[in-house]
Structure formats: structure tokens, C-alpha cells
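A lone chain, given as C-alpha cells: the form predicted on its own.
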């Protein structure tokens, strides 16, 4: 997985391309199940794509609501649903996760390792009516018993703008991964009732099969189950990095972050982008790929969230990449 400035058509035509995710002004000229346009605007670059590539042939297609691409034991899947057509976010989430579960059960790549969820107005509504809490309820109902053996790693981010579309995409494999929890944080599915009737359903991280790397779930300034430093962006960033470091240690990953660690940073207030970029420059090696995006965190008091990957040594597949500010 890399962040690149190459045109989507070029990326899709390259051997072994499993997925291309577009941000900002990136557009694709043709329909392709491997292409997904995400309405998250980059705050530090004009047009960026994220490309997933494997050392294998790729087949792709559609199965009901699911678009997919697969090869070499890996699978990229996407579901996009109109909320209004399903009676609102909660019901759309139930439909999306039921479709994901049914599709995955029929595939050799049946082990879902990592899921991303994007939808609008994540903090709108109060108490149990908050949209994030309704999403959590729909996700749990739609999952059913699909993840009875343990939840995948995950991210849920609010897209600035009108709430009208739920986007879910995921990585699956023919082999199982190993779930990782953060010793500084209570496991999300054990959150107390204060956070809603249905706790979030995800693992803090996932070690990919075959020592292929670590998938890092959305991570914010939460210690135990309590948000930290509600009015202090720098303190939130420091707590977030303490959580990331603890997760790497729990996963048995040495060396922190480097060029093999592409990170996404979701920021609620775009006006704070330069401040966040300065913090990242001071706390990360320059070679760490980072993508700063406008996005709302699932807790209204939190300003920033980070997710990403930590890969072992890998061979670059595109020459032109984004590795710094």
C-alpha cells in the first residue's frame, strides 16, 4: 500500500493492482471494481491516490452490492449504499454488513482482516440517537455471527458534508490474521454503556498472515475508555502517538515508524492542518508516508485520529510517491 500521484488509469493498468483509492481531485475515467473514490479531502496535497498491489494476477468483478478484486490469497471488497434508499444509516449499515458477511462466507478469502467505514455527520444527534451509535448498532446486527471468533481491525470516520452515502471497504485473505489489543486502552467491545447500547466492534490492530505486516485501526487520544485533552490538540496528538507506540509493542513490532509505515491522519478542523503537519514533522521520520485528510472523529471531543500500516521490508512498485509534507 502506497500513496502516489500517478493517474488512476496508470495504476489500474499496472500488473498486480488490487485496489486504487482516490482522494481529493483524483478521478478515474472508467468503471472498475478496483477503483473507489472517497470524499475525504487531502489537506496537504492536491490529488493523491492510494494503491494496493500484490505479486500475483488479479481477477475482479461484482457480486450483488459488492465490488471486489482478488489474487494471491488477498481480496479487496467495497460496498457503497445510499442511506435514504435503506431507511437511514442504521439500516444501511445492517444491509452493508450482511452483504459483506454473506459474500465473505462464499469466498476462499473468507478471513476479513481490516475494514474502513466512511459516512457523513458522524456526531449528529444526541445520546443514543447519535449517528455513530446508530452505526455501531447496525454494524453489530449486520455482522451477526460472522466475527464470532474475533473482530477485524477497523476505522470509522465522518465525512464532512451532507449525510447520504455509506462507504465500506475491506481487506480479506485466505489465511487468518492475529488480533492485537492495546494495553493502554480498554478493548472497544468492552466499553461501558455510557458510550451507547452497542459497543464498537473492532480490534485495535491486526497482524496480517504470513508476517505480511500490521494493520493499525483508527487510534485517538483515548486511555482506558476515556477521551483525553479535549481542548488541547498537541496533547491529543501526543496521547495518540503513545497509543500507537503501545500497539506496535504489543504486536511485537520493533523500530517504530519508517518508510514502510503509511499513515492516514484524520483532522476535524482543516484550519489546524499546518499545526498537525508541524507536529508530525517533529515526531516522525521524514520518510514516513503520511496523508492528512479532513475527517470527523467518532467522539465529538476528539480532534484527530490516525490509522495505517507497519510493513516489513518491501519492494517499491511506483516511482513517484508522497513521503513527507
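Note that the structure is a prediction, hence the values are computed from the model and not measured. Positions refer to the first chain, counted from 1.
Below, we refer to the form predicted in complex with 3-(2-carboxyethyl)benzoic acid (3EB), which is not included among the displayed structures.
Using a 4.5 angstroms limit between non-hydrogen atoms, residue 154 touches 3-(2-carboxyethyl)benzoic acid (3EB) in the predicted complex. Within 4.5 Å of any heavy atom of 3-(2-carboxyethyl)benzoic acid (3EB) in the predicted complex lies no heavy atom of residue 180.
Residue contact check for residue 133: none of its heavy atoms lie within 4.5 Å of 3-(2-carboxyethyl)benzoic acid (3EB) in the predicted complex. In the predicted complex, 3-(2-carboxyethyl)benzoic acid (3EB) stays beyond 4.5 Å of every heavy atom belonging to residue 147. Comment: 195 to 203 is the region of 195 to 203, 170 to 178, 102 to 110, 67 to 75 lying near 3-(2-carboxyethyl)benzoic acid (3EB) in the predicted complex, near meaning a non-hydrogen atom within 4.5 Å.
Proximity to 3-(2-carboxyethyl)benzoic acid (3EB) in the predicted complex, defined as a heavy atom within 4.5 Å, singles out one entry of 293, 26, 298, 276, which is 298. Among 222, 246, 81, 233, the residue placing a heavy atom within 4.5 Å of 3-(2-carboxyethyl)benzoic acid (3EB) in the predicted complex is 222.
Contact check at 4.5 Å (heavy atoms) against 3-(2-carboxyethyl)benzoic acid (3EB) in the predicted complex: none of 239, 262 and 309 pass.
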